[in-house]
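First structure 1, then structure 2: two forms of the same chain, each alone, as structure tokens.
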Structure 1
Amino acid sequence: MSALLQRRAAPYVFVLPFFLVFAAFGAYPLAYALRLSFTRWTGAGEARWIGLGNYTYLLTNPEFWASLGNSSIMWLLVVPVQLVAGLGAAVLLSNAKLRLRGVFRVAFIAPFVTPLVAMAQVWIVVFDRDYGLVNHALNLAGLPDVGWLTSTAWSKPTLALLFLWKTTGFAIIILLAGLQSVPGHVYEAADLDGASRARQFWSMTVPLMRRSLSFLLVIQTLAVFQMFAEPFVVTQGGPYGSTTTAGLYLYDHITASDLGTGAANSFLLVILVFALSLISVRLLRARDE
């Protein structure tokens, strides 16, 4: 092989391992799952081709739409709150004059690195109807017990609070990195013009952080619609299916050995999340133009 040919082939040789790994553990499982979504298979025997049967079954199944509705409500309870609270906390933690700033940063980020199952067990104890700390505090204030995890009205807000506690640290990390990219002379010019801190926040910080906020919007939308461990450990999807999220409904098909329907469910979720992400990117591009 000539020296010129070796130099031209060298870049492709270096990236070849990545493509081999991606083909084995990314492309092939994806293609296999797509084919599986058009079949009826229980994990044993031969898969039977049924065309769009699994998709038709899901799109006409009230339980599928109920799981999407639960995930949508969780999204409303989590993502807007997290974007606002995360940005406020990031601005606060970026202030060099804040005392004990390092302690606050650790306090916000610690839940993100704590195992979810351990946090979920704490949640079960704290929000228990009969022995929980929260209901004990309500009783001291003369208020009745609340079924935080056993009533359909409170189960989703309680799980949303757990998700917020767990993942807001991640949002703060992203937003702190975004704030570091804002040039300091912008605020110096605003100070010279006499702009108040509130005016600087709404007219400068929020617009300049739009890309970071949009990134978080897409990432957290993905996370909420994939939410599985929280309802699985804390409520097992109850009471009365009020916390059966789209991710948990998908898991139910897998455990019932209905693998074809489970695969179809996963691709419907991919289409839904892709559409939501595309809308977010389009909105960001329109604002940039």
Structure 2
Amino acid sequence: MSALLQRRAAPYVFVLPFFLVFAAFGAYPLAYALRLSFTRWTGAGEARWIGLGNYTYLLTNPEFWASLGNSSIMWLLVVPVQLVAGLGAAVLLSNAKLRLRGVFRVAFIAPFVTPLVAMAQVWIVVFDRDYGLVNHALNLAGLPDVGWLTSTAWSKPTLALLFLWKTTGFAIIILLAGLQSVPGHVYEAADLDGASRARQFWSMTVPLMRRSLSFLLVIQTLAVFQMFAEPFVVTQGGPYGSTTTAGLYLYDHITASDLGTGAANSFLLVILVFALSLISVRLLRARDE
């Protein structure tokens, strides 16, 4: 084969394996799911075509909206905190004169490396109402027990804490990478102008970091709306459905053999997540334009 021909063909050969895997385990199931979302099917026997039936069922079903509401509250508890605190931590860690920089980095990233299922189980034990570590510590301080996982008011913040603990390290590395490309002379100029550190953070660091911040915003929005293992292991969606996230509600259709509705639910979720990502990225961009 001539070198030129080889060079023309090479990129197609190199990307082919991905597209084979994608066709078999991505595109095909996706098309199948779309068709499935217009049918009623329990997994056995004939699938019955019901048009938009699953969609109208979901959109008029309070449980569906409750699952979106739960995920939205989780989003509010997690994402803003993570972006602001993560950026603050990344700014501190990016300082070349900081001693023990490596130790701090390892400490923040370690939770990201632990298996979620294992930590979810640790959360069950640590936040147990009667025998858990946290309530034990509260009692020692003279405070009453809190039903971290048994009260509808606290169940979401307790799971959000698990999510934050687990993934903030990831946010910090992404933001550290972004900070590496912020030119130092911008800050020197600001120092000369007498701008305070807080002022520099809000009017320089944040705008300069907007690409990293929007990347994280999209990735973490996807992650929060898909949140599954945390409620699945720790609370099974309870108490009283307060931690039935969009992801867990979707899974419930599988266990209930309500596959058509499950597929429709997936697509509604995709549309929602795309819309949310677009809106949040726009908002972030608009702030400094």
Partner chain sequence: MNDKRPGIPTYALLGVLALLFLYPIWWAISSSIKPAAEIISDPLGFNLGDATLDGYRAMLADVPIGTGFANTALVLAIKGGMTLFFCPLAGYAFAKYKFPGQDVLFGIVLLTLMLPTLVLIIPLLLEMSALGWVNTYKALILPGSIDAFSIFWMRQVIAAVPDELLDAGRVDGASEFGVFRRIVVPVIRPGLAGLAVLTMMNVYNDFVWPVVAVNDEKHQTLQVVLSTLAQNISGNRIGADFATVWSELLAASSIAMIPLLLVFILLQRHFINGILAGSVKG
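Counting starts at 1 and follows the sequence of structure 1. Since the structure is predicted, the reported quantities are computational estimates derived from the model, not experimental observations. Here, rigid core means the biggest group of C-alpha atoms that superpose within 1.5 Å across both forms.
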Sort out for me whether 1 or 2 is the form predicted together with the partner chain. 2
Rigid core fitted, is the C-alpha displacement of Ile271 between structures 1 and 2 2 Å or more? no
What is the C-alpha shift for Arg8 between structures 1 and 2, rigid core superposed, to one decimal in Å? 5.0
